[in-house]
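Next up is one chain by itself, shown in structure tokens, the form predicted alone.
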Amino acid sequence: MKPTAGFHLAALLLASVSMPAFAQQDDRVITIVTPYAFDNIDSCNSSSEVGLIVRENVVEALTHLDEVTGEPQPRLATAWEQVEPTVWRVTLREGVNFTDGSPFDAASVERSIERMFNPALDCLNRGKLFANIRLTPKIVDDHTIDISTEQPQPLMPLFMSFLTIESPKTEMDRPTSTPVGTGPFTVTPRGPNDPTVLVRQDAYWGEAPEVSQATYLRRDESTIRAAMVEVGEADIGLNIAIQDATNPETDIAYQNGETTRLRFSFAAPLDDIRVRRAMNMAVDREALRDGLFNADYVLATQMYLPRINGYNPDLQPWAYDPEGAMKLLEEARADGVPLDIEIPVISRINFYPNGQEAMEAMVAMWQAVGLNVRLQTMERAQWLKLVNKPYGEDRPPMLIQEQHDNNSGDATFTMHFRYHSTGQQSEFGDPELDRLIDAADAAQGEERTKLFQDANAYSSESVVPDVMMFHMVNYMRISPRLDFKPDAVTSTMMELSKIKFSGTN
């Protein structure tokens, strides 16, 4: 491949950074370069990018979803059955220990569930996945536990794939930067600015991974991440921007399960549905896709992909109509809607490749129809304070850049979290939408699918809570010395045990 100007720039920058060349020390040691800070890798946040490090590497869940079928498979649980309408009995794997020597048993599962629901602990998994259900564990014997819910929960085996189990020595009320689980790797102690390093532990109950150590480095620029793999300073580069994915032999494209949007807060003037509709009409999504992304990115109408149960195939993307948008805004202004109020557009730094450029383009589109909008960039920790409840009483109008993945197979993992009035990341309360979501949760089969489809249609047409963007595609640069293919779950879970080395099985 002929070096590009961007490559030369990245190489110069690399030369100014002192980094260990792990691959020269041990041919089973790898380096993964990411855009993420990983400031909180507690397993209770493993449904976010934190899961890239901890899920199934450090901490394991009770079940594991098959990457192709989405069906739950045994992991720490070996069997499960619904013994009563609201009770699932789970059989646990025997002969397993945590890496600190503590035994894995029903008591550790009970404690992990109680920790996740502990209100003193800021836990993303609780708000994202279990906001609408409360799990009550009851020990039957050392390797059997009953998990109860207030209402029948037919999807419990799916939920169990997110029940990551930590050592009973884990603090209940505080997050940890060195989680301890039953997985094949341990997290080495680190300072706040140190890279995260996972080391293989030989006492793992399952098959030993080929990777002996993995170091996760943060580099903000996609060009640098790509160049580090190119020159052998890293083995995997995550979230490579399209313009940097220039080598078809090493740069792998894959649909990552993520969907992007901007979420409205419902403060004036955004509490007027005409303004929210106008802001959707003012965005030229096809121009964004063609200019900053590519044809693999699909215009989104709802917050999960078509393969997820509850997806409504009848919804269509908003048509680009700036004249219609200006007309709606004129009507709203005539009725006294305060359109002169400044509306911040909150963009998260290094969220996804070309995400910042997309926000800049959308701000320009909204300014072109007469809206007073301003781009404001934030690091993840600051952004999270705006994303999750509880919100401040004086919450201002804003749009928040977001990305969401649903690889569980069912709409419930999205709809409650983001659209129900009780959801951890919901900005509004609509009784009819709540009713549809609650009814769908209680239903099964075709009725469940239809009710979630109705909820999506109602939200899109009668609430307009967001500006939908794209079903996303990622590019990953992978060293030729590795044998690894990313899949739809890689954005939040990258099992090191699936990484092989060229010439090995």
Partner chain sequence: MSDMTQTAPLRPESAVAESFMMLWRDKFAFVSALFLLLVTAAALFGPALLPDGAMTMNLRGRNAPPFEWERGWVYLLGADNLGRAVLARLVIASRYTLMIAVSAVLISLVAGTVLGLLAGYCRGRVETVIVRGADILMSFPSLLLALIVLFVLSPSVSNVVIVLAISRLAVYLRTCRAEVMEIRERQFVTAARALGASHARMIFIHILPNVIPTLMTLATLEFSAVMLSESSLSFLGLGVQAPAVTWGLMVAEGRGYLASAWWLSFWPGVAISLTAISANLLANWVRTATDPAQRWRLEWRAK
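Superpose the two forms; the largest set of C-alphas matching within 1.5 Å is the rigid core. Residue numbers count along the first chain shown, from 1. A quick note: this is a predicted structure, and the numbers were derived from the prediction, not measured.
The same protein has a further form, the form predicted together with its partner chain, not shown here; the description that follows concerns it.
Lys385 is the sole member of Lys138, Lys169, Lys385, Arg395 with a non-hydrogen atom lying within 4.5 angstroms of its partner chain in the predicted bound form. Scanning Val197, Leu305, Leu292, Leu339 against its partner chain in the predicted bound form with a 4.5 Å heavy atom cut-off leaves one residue, Leu292. Highlighted residues Glu447, Val464 and Val467: none comes within 4.5 Å of its partner chain in the predicted bound form, counting any heavy atom. Stretch-level contact check against its partner chain in the predicted bound form with heavy atoms at 4.5 Å: of 97-105, 145-153, 295-303, 217-225, the positive one is 217-225.
For Asp284, a non-hydrogen atom is located within 4.5 Å of its partner chain in the predicted bound form, even though that partner is not displayed. Residue contact with its partner chain in the predicted bound form: Glu379 places a heavy atom within 4.5 Å of it. Under a 4.5 angstroms non-hydrogen atom cutoff, its partner chain in the predicted bound form has Met365 among its neighbouring residues.
In the predicted bound form, its partner chain sits within 4.5 Å of a heavy atom belonging to Glu357. With a cut-off of 2 Å and the rigid core superposed, Met362 has a Cα displacement that reaches or exceeds the cut-off between the shown form and the other one.
Core-superposed comparison between the shown form and the other one: the CA of Glu150 stays below a 2 Å shift. In the predicted bound form, the CA atoms of Pro248 and Ala295 draw together by 3 angstroms or more relative to this form.
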